[in-house]
Each structure stands twice: as structure tokens, then as C-alpha cells.
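This document opens with one chain alone, in C-alpha cells, the form predicted on its own.
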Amino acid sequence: MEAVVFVFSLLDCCALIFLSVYFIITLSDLECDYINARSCCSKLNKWVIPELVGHTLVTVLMLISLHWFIFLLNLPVAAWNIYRYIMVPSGNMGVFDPTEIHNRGQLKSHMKEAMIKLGFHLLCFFMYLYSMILALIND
């Protein structure tokens, strides 16, 4: 059963790594003016909820399977994703808003957040891979 938990977490982590890379590429395209702000934000906002659900699902799964260290490691990132989604001002298009993305260095902060998430998900990927191999050996 433990191996199944880590296989699912590994697959979910691969999807989250893909999303992080997609966010970085799309934001860098906006930064270089290859796409406009409206299309960039609509592309990114479409993937905010799947990212939120995917990361929260792994966090809850680690809580249910009693992997406390991994749960506590994932909890701040899951809480940040939920907070970021809940605190979207009413009238904005979503987490990424085309009218505000160039204001106050928001583009740079979104890019930095995507890079940090990519590093976090890469760390989690190798941690889940190690845990999955350990669980398969112990079974």
C-alpha cells in the first residue's frame, strides 16, 4: 500500500514539475513580449486550480498515510497555493491578472515563485522516488 502512495505522489509530482516549467516558459514569453498579457494570463489561470488540487491531494494523501515529515514539508506550499487562490481580488481575471501583471514587479515575483516551486517539486520528486524504491524493497 505504501508503494502505491508513493507511485501516485511521484506521478503527481511529475505533473506539477511540468506545470512549473509551463508557468516559467509562459511568463518568460510575456517578459520578452512574445505574447500579450491577456493571453498569458488566460493560459496560466486555466492551470491554477489543477495545480492547487494536485498539490493539495498529495498533501492530504501524506497526512492519511501518516508520512508526517513529507506532510509537513508539503503543507506550507499547499497552504500558499490555497491562500493565493482565495485572496484574488474580486474583479481580477484570476491569480494572474493582465491589468496588474506588469505593475509593481508582479511579473518578476510570479517568475520567482514559479522557479521556487520548480525547485521544490524537483526535491519532492527525488524524495518520492527514494521513498517508492524503499517501499518496494521492503514489501
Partner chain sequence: MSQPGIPASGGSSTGLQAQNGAASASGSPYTNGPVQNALMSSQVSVSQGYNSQLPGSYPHLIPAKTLNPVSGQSNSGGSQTVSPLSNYQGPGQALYGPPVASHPVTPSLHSGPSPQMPLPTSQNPAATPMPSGSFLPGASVSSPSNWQYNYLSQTNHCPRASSQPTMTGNTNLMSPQYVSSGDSSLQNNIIKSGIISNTNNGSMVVHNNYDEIEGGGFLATSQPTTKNPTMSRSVGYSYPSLPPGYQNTAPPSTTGAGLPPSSLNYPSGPQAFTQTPLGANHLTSSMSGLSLHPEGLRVINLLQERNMLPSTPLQPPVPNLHEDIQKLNCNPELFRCTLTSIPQTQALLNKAKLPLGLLLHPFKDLVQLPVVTSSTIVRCRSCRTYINPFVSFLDQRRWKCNLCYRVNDVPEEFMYNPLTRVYGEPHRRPEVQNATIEFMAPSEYMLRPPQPPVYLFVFDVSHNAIETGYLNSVCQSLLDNLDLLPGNTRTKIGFITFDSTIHFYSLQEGLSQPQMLIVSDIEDVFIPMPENLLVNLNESKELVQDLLKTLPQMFTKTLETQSALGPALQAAFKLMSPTGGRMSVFQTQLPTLGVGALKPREEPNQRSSAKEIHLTPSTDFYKKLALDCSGQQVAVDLFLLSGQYSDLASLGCISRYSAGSVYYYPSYHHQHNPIQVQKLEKELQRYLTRKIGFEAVMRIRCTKGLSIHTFHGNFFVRSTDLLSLPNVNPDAGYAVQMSVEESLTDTQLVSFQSALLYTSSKGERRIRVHTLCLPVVSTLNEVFLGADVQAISGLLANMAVDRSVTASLSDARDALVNAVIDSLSAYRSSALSNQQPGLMVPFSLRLFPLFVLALLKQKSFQTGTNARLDERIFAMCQVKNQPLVYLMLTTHPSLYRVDNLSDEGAISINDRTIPQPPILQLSVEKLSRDGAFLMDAGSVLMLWVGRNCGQNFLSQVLGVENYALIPQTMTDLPELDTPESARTIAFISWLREQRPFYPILYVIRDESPMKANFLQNMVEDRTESALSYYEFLLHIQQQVNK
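Just so it is clear, the model here is predicted, and its values are computed rather than measured. Numbering follows the first chain given and starts at 1.
The same protein has a further form, the form predicted in complex with the partner chain, not shown here; the description that follows concerns it.
- In summary, the region of this chain contacting the partner chain in the predicted bound form, judged by heavy atoms within 4.5 Å and restricted to 57-65, 109-117, 73-81, 28-36, corresponds to 28-36.
- Using a 4.5 Å cutoff between non-hydrogen atoms, R104 counts as a contact of the partner chain in the predicted bound form.
- Although the partner is absent here, G91 is a contact residue: one of its heavy atoms lies within 4.5 angstroms of the partner chain in the predicted bound form.
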